[in-house]
Every structure is written in structure tokens, then in C-alpha cells.
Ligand SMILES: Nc1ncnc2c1ncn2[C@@H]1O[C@H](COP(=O)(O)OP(=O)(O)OP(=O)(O)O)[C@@H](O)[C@H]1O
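Single chain ahead, written as C-alpha cells, the form predicted alone.
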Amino acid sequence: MAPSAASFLVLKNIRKSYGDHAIIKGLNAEIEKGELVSFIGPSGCGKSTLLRSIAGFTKLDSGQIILDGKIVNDDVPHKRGTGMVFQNYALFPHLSVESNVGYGLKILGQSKAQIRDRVEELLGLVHLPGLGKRRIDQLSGGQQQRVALARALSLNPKILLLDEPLSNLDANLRVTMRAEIKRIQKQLGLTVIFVTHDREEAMSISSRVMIMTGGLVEQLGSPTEIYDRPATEFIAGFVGHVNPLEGNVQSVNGTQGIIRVSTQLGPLEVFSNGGDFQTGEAVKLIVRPEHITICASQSPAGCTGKAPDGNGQLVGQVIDAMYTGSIVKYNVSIGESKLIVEQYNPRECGVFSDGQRISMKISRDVHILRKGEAA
């Protein structure tokens, strides 16, 4: 793989095994300067091993890590130009906040005045001014995470590596710290790699998301690309709920870019989105819960006329409803098939009861995969 001119970090044919167990299997990826890229994937896919390899804490079996035009495979961690925040923060409990933040600067032999000024600057950046004298055990979990972040930034790293840094925080604080990391990344123009198991976290914070499985990259793209145009059914299901519908292409309208597909729910029209599909071809439709609109209760007569997107109405029965405030998630049966449906603004639309019959329509703007891509 030849790196592009914009590539700041190039991962070239990366391989890492422990004994006979291959963790990373010839992985290739490129990251541009100033991006925030999240690595996500199932447990054991190699995302943390890859991050530690970039940092220099794990030695590769083969391949190249090229950072800012330089191969850094043989460089020790503190000479790679990387800063890392660990999952458990790895702070020194016997040192104060300012001593933790300034630790690397002290090792490099900077003067007390230089260290003091830099620590004050960083504590201001992470919104902890005036807390330099506190002990680590006097801080909340969120404050400790900010100290770890300030320490990682102290040496002006070329790239910041975050290994599930929010996993020890409660749900509300995670959301707050997400925004803080994004703010700091933008303010400093940092290149950041963020490893997380939380798909919502990855999708909300990232410039691009790298989905990994089996030690390889499944897809690397923007959150919108990953969600709306997943390369495989695995990716579609990993980043959100999906109702997969198998079918065959009945007809192709190239002028309008519309494909008619036979499915277990009946014929559906979908946009081809530039795909060159052929009549008779086996496909799978990736129908998200939000692609399905509930238009009436009791019978399809509640949907006035033909659905605007050309798909007829479906009649189903609510199995159960999960009300979460701004959204209601329904499990709906249509004959032998079951669908997950999401309805927004329940205060306006109402909430349908278990056992109630409802009428629905499916948008044309679903994603379509060929049979080989649906694995």
C-alpha cells in the first residue's frame, strides 16, 4: 500500500501473534493529520493491541508503523512522539496533580519554572485550574481522567492515543468527557486515535471510524458512511439495530435508480445508490428501525393513498413497546417475520399498545448488499 500525500500515520501490513494465536493479520490503514479516528470492533479483534503497537509498548512481528514520514518500529515509546491515556489512567497516587502532569517534563530535565508554566497551561486546558496541589485520591473519576489527559499532552505529542479512557466513568460523565476530548482535539489540532467498545461513543466523537474484526480492517470511513452504507451485514449490525431482508432483484429502473426486490414481506422498491444490480441477483436489504414509518393503527386504511416513496403499506402487530422518552422502540410481527421499529416524538404520535395492529411503510432509502457482501 503506497501512502497518500496526506497520510500522517500509515499502518502497513501490520502483523502480531502470541504463540500460535494471530491477533493482527496483515492490517493496513492510513490516518490523516488532525483526524480523530476511533478503533472499534468485537472483543479480541486486535484494536488495543494495535494501539499499543503504535505507542511502542507492543513489538510487532512484521509490518511498518510510519508516523509523520518516519518508520518508528524500533523507537522506544517516549521517542515516538506519541502520548497515551490508559484505561485505568495509570496516575501516580503518591504524587500531586501538578507532579503527575509535569512528570515527563521533569524527566526531560526542564526547569522548575518551565514545568510550572506548562502545568498551569495544561490544567487550564482541561478545566482543572487551581487543583495542582490536590492528591489524586482527592479527585473524582472525571477529574482523574482530565489529569491523565493533561499528562499525555505535556510533551506535545504528534499523536494522542486513548485506550478506552471513559470506560470507568458513569454514563452522564462519559458524555461530558466525550465533548471535552473533542474540544481539546479541535483546539489543539491534534491527531487522535480513540479505542472504545462503545459504538455510540465512536460514532459521536470521530472524524472517521475504523471497524475491526479478526485482526483486519472491515471498513474505515466517516460515521455517516459506516452507518448508512456499511460494507457488510456484520458492520451494519455492529453499529446499530438492523432488520435484514433477503430477496432477489425483480426489476431494475436505471433511469430512476430504483430496484424492485422480492422479499418475505412482499415486493419493495429501493434506491440502487449507483450499484449495478442485475435482474435475478440475490441481495439483502439493510433496513434500519428508522427506515420504517408507522402511519396508522388498526388497518392500512389509515395511510392515505399510496406511500410517497412507492412502497405499499405493511400491516403488523405490536409484540412489545419500549418507551424511552424521546423515542419508542417496537418489536412488530408481520406474519412469520419480526421487525424492530423506532418512532420518534411519541408525545405527538402516541404510543401503540402490545397486541395492537399497526400499518407501516418502508423507505426506499435502505442499504442494499449483494449476497457475497452480506456475510
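Here the structure is a predicted model, which is why all the values come from computation and not from measurement. Heads up: residue numbers just count along the shown sequence, starting at 1.
From this point on, the text means the form predicted together with the ligand, which you will not see here.
Note on the partner interface in the model of the complex: the residue among I54, V332, C45, I31 having a heavy atom within 4.5 angstroms of the ligand is C45.
Site annotation in the model of the complex: the residue of H197, H94, H127, K79 reaching within 4.5 Å of the ligand with a heavy atom is H197. Considering the ligand in the model of the complex, the lone stretch of 65-73, 335-343, 46-54, 319-327 in range is 46-54 [heavy atom distance within 4.5 Å].
The ligand in the model of the complex comes within 4.5 Å of no heavy atom belonging to E233.
Of the heavy atoms in E164, some are within 4.5 Å of the ligand in the model of the complex. The ligand in the model of the complex is not approached by I14, whose heavy atoms all lie more than 4.5 angstroms from it. Contact between M360 and the ligand in the model of the complex is not found at the 4.5 Å heavy atom cutoff. Residues Y18, H21, I23 are the members of 9-23 with a non-hydrogen atom no more than 4.5 angstroms from the ligand in the model of the complex.
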